[in-house]
Structure formats: C-alpha cells, structure tokens
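Heads up, the chain below is alone and in the form predicted on its own; it's given as structure tokens.
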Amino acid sequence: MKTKKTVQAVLRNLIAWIFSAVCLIPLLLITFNALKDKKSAAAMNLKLPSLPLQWANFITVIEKGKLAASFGNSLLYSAGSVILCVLFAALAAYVLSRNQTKLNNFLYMFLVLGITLPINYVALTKVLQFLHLNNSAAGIILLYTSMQLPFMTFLIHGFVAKVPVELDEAAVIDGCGPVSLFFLIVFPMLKPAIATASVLTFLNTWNEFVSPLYFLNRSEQWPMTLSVYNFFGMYYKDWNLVCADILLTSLPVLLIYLLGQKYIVSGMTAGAVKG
C-alpha cells in the first residue's frame, strides 16, 4: 500500500513537472531569442544563443522603444489603481459586511455583479469625455480602479467576515470613532487579503491592453503593453529586438508574481471560508 502511494505521488509530481515545463517553453523561447543576433533569432527556435550574447538588444529596445517612459507610465497607472482599489474595496467590504441590511445586501450583489458584466467602451468614452478625464493619467487610473473594484470587494468581503465583531465593540468602548476603528483596528487585520488584492490589481492593470488603446491617444502616455505593440509594428522583422522588448515588459510582472504568490494563496484561502 505504501509503495502504491509512493508511485502515485511520483506520477503526480512528474505530470506537474511536465506541465510546468510546457508552460515555460514560451518564456525560454523569448529569452533565448532576445540574446541572439537578427539572423539567428529569425528562426525562432529553442536553440541556445551562441557567444557572445547580444546584450545590446536590450539597450536598443530601451532607446528606440522608449521603454523608460512607458515603464514610468505603467508604474504610475498600476500603483495608483492599487492604492485606490484596495482602499475603496476594503472600506466597501467592511461596511457591507458589518451592516447586513437588505439595502446593503442589494448593493453588495449589485457591486459584485460587475465581475461578470462586459465593459461598454462607448459609454465609458462618453463618461470620460463628460468628466474631462479622457486621454489623461487620472482618467485611466480611475478606469482601472473601477474595473478591479468588484472582484477586490468580493475578495476582501469574505475575509472581513472572519474578523470578530467583538473587536469593533471593544474599540468603540475605548473611544474609537468610525475612521480610527477601521484604520487602526480592522485594516491591519486584513493584511493577507490586502496583499492579495494589491498583487492581483497590479498584475491585471500592468497587463491591460485594450483600455489604454481606447482612452490614451498620445504615445508619451502609453504603458508598456502599448509600447510593445507599437515597437512590433516598427521592427516586426527583427525578432531579436521584439523578444527583448517582450522580455523587458514581462519581467516586472514575473517578479511581482514570484514575490507575491504566497500572499495570493494565503489571502484567497483565508477568506474562502466564513466562520
């Protein structure tokens, strides 16, 4: 029986390693070709790059693709949406979880419904034009925030339910007002859910392509996703430069995910069960 379980565990691990290797093939393909010259990269294969490695590809991409400015834009949009989304989602989740009236339950379901509803870009364009936020950093940050808010509220709402109400009562007895109660008592206890929401919001906004394509008309405001698209249009024959551009754009996402994956798992599992 023990031998059977060992064999099953080995087979499961082997299957997991095979699937992981398959998933890593695109990343390896891009990495290898980013370090080759133009002629070698044209074949787009998994052959190891020959020496010397073409590190100059990355310098060329940064200069010609204007990645420094695009990186700053992506960082601004992602960081701004993370701050606003996490703050508003935590506040909404706390109020809707603690005061479960019929109105609040309806508002919660109405808000969470936004997870499944498609985005109407025509209506959004009219709203942003009316508010004079079209083609602006503030407008795209608010748009990202509104897109991520339903799921983040749903995520944090399940975690808030696990925070004992007795803590609120004790804080009120000690003289805490509503604002200090939330930010000094409740908010610090939501760290796993906050970390999860922050990482997911950052990843989703960093990878967003369609929204900035519609609502940012000036190239100096483009995030890295649009810069890659524009760079590919100019250098579609230079696969070494295209791969270098894609790799530089993907690195921040990979780093954030590797650093925050434990928070994603712990935060989502912690808020999964109410009790």
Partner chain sequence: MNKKKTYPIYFAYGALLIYFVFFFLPGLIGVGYSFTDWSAYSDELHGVGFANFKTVFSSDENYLKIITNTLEFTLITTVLKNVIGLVLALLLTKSIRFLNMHRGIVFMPSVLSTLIIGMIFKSILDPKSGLLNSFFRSVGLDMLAKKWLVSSELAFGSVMAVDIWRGVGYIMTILIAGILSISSDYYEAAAIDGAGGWAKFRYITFPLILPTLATTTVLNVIYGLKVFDMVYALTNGGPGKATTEVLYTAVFKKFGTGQYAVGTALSSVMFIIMVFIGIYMIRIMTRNEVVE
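Rigid core (definition): largest C-alpha set, two forms, superposition within 1.5 Å. Keep in mind that what you see is a predicted model, and the values were worked out from it rather than measured. Numbering follows the first chain given and starts at 1.
Omitted from view is the form predicted in complex with the partner chain, to which the following refers.
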### Query
Does the partner chain get within 4.5 angstroms of any non-hydrogen atom of residue 113 in the predicted complex?
yes
### Query
Heavy atoms within 4.5 Å of the partner chain in the predicted complex: does residue 235 have any?
no
### Query
Though only this chain appears here, would residue 169 touch the partner chain in the predicted complex if you measure heavy atom gaps against 4.5 Å?
yes
### Query
Closest heavy atom of residue 61 to the partner chain in the predicted complex, within 4.5 Å or not?
no
### Summary
Residue within 4.5 Å of the partner chain in the predicted complex by heavy atom, from 56, 213, 68, 48, is 213
#### Entry: Stretch 122 to 159: residues contacting the partner chain in the predicted complex, 4.5 Å heavy atom cut-off
122, 123, 124, 125, 126, 127, 128, 131, 133, 142, 143, 145, 146, 147, 149, 150, 154, 157, 158
### Message
Would residue 254 count as moving between this form and the one not shown, using a Cα shift of 2 angstroms or more after superposing the core as the test?
### Response
no
